[in-house]
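Below sits a lone chain in structure tokens, taken as the form predicted alone.
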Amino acid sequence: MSDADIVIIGAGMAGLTCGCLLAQKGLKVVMIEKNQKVGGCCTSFQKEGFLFDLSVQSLGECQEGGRVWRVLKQLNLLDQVRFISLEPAREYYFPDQRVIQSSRMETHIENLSSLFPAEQKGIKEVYAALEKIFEEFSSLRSSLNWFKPSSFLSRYPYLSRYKDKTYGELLDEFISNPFLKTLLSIRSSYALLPPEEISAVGMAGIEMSYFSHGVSCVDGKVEQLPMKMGEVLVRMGGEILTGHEAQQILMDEKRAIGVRLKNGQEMTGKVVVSNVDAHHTFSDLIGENHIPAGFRSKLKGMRPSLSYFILYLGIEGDVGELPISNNEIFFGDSLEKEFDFLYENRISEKAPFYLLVPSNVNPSHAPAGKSTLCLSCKVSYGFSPSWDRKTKDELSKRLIQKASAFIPNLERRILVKIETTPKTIEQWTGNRWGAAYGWAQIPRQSGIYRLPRTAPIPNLYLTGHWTSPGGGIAGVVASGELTAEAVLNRLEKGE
């Protein structure tokens, strides 16, 4: 007899979503989490009275009708996790001008059209295409057979048209002004890719998950979101084993039947769901000898996303100079040059950076009369062989100097300083090379080409940003929903 119906490895947001939805159907769910608390990237920490959210500063689809909102409603958590609407969502600083971005699509289109009146028609067409791509991809069910060309083309015309294209190619169809192209593709940097590389399908998910249902932050600590979901899972009869790491996925006649922990304990189940790094899942937890050669070859050819260096600061005084909490600073009008350096394991002196002031929105993040800052830049894992103290100090100094142009006397006001590197992210999440968003959202790894939820091992399923739709909180919540649906379909058929 199995210990559980479902054994889930990794209690990040996708694993929690999947587990809660399955437990709600009466299935016994056991979750295994190597860290001492649930949430993955969606976690928080404190130091000397300052509160910091690890990596999630804003979320899409948390307002009424959005994916996150719908899951919380289904779990009766709407009154326990409150969100603060961010409007405007962010401000972008360029050498010659500042651009405020609304979280409302109509306002955003109006603002861009006022700056580029001759391109108004093209701007509307870009967002109409992104909206159609997002709608079609969101309507795909877990059981769809992707490769019946005739039915796929008729049912999903926009996906068929753009599934192999980059966002840069989509923009070229409708827009001619180079700086407008920069503004329209500015959020491709949140996927750690330039517009010439990011998939049009992946970009549709990034843009529409914000514009469809607003931009928000959690009122209080972001980790309240996964912690409340964990509590729901336990109330429904589920179990979460924190502080326990999976060592091996147990196999019986080429089928997954459970998980062995590093302490030797074994948990068996009818279904195993992996919400952890895909390379770790197949190379370490299963072993390449159990994987079909074609899938093994595909996995080795896939490319993880880049990562971040993040500097968390607790400072004296307020930051009234920055009325909008989420800011990105650019030193040129092009998004591509930065990546030429990153792919050579370097960081350009003119690389843009993020300057966030979480305490402007969430005053509870800092003691009275003080503020929190989050400064970050894109980095490759190979930028430093060890990510030692010297490297961290050099990058911290560079970010503080750049941010000082916006926040007077910043260096002298610092009370708390904490760094996060790609190695930190790798250690905390298990993501290979500290990949922030799983696989890079390039066309051959995005949309229908991302790893499927059904693994080539019977009884084994995937969820999280290594499968579709991809990274970000709304994306992994969607992945958790779809994996739960796929598992239920199989169990209901008695397979």
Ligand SMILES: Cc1cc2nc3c(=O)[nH]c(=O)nc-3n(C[C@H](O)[C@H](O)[C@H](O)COP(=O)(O)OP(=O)(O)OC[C@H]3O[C@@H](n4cnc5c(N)ncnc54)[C@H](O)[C@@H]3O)c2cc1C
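Start at 1 with the first residue shown and count on from there. Given the structure is predicted, the values throughout are model-derived calculations rather than measurements.
Below: the form predicted in complex with the ligand, not depicted.
Engineer: So, Tyr437 and the ligand: in the model of the complex, are they within 4.5 Å at any heavy atom pair?
Structural biologist: Contact with the ligand, yes.
Engineer: Is there a heavy atom of Val29 no more than 4.5 Å from a heavy atom of the ligand in the model of the complex?
Structural biologist: Although the ligand is absent here, Val29 would stay clear of it in the model of the complex, with no heavy atoms inside 4.5 Å.
Engineer: Taking any heavy atom pair closer than or equal to 4.5 Å as contact, tell me whether Arg453 reaches the ligand in the model of the complex.
Structural biologist: So Arg453 does not count as contacting the ligand.
Engineer: Classify Phe45 as contacting or not contacting the ligand in the model of the complex by the rule of any non-hydrogen atom within 4.5 angstroms, answering yes or no.
Structural biologist: The answer is no: Phe45 has no heavy atom within 4.5 Å of the ligand.
Engineer: Okay, which stretch from 340-348, 383-391, 225-233, 420-428 lines the ligand in the model of the complex, with non-hydrogen atoms inside 4.5 Å?
Structural biologist: The contacting stretch here is 420-428.
Engineer: Within 4.5 Å, heavy atoms only, which of Val276, Val272, Met203, Leu184 is in contact with the ligand in the model of the complex?
Structural biologist: It is Val276 that has a heavy atom within 4.5 Å of the partner.
Engineer: Ok, Ala191, Ile310, Val357, Val379: which has a heavy atom sitting within 4.5 Å of the ligand in the model of the complex?
Structural biologist: Contact with the ligand in the model of the complex is made by Ile310 alone.
Engineer: Determine the residues of 7-33 with a heavy atom within 4.5 Å of the ligand in the model of the complex and present them in sequence order; the list may be empty.
Structural biologist: Residues within 4.5 Å: Ile9, Gly10, Ala11, Gly12, Met13, Ala14, Gly15, Ile32, Glu33.
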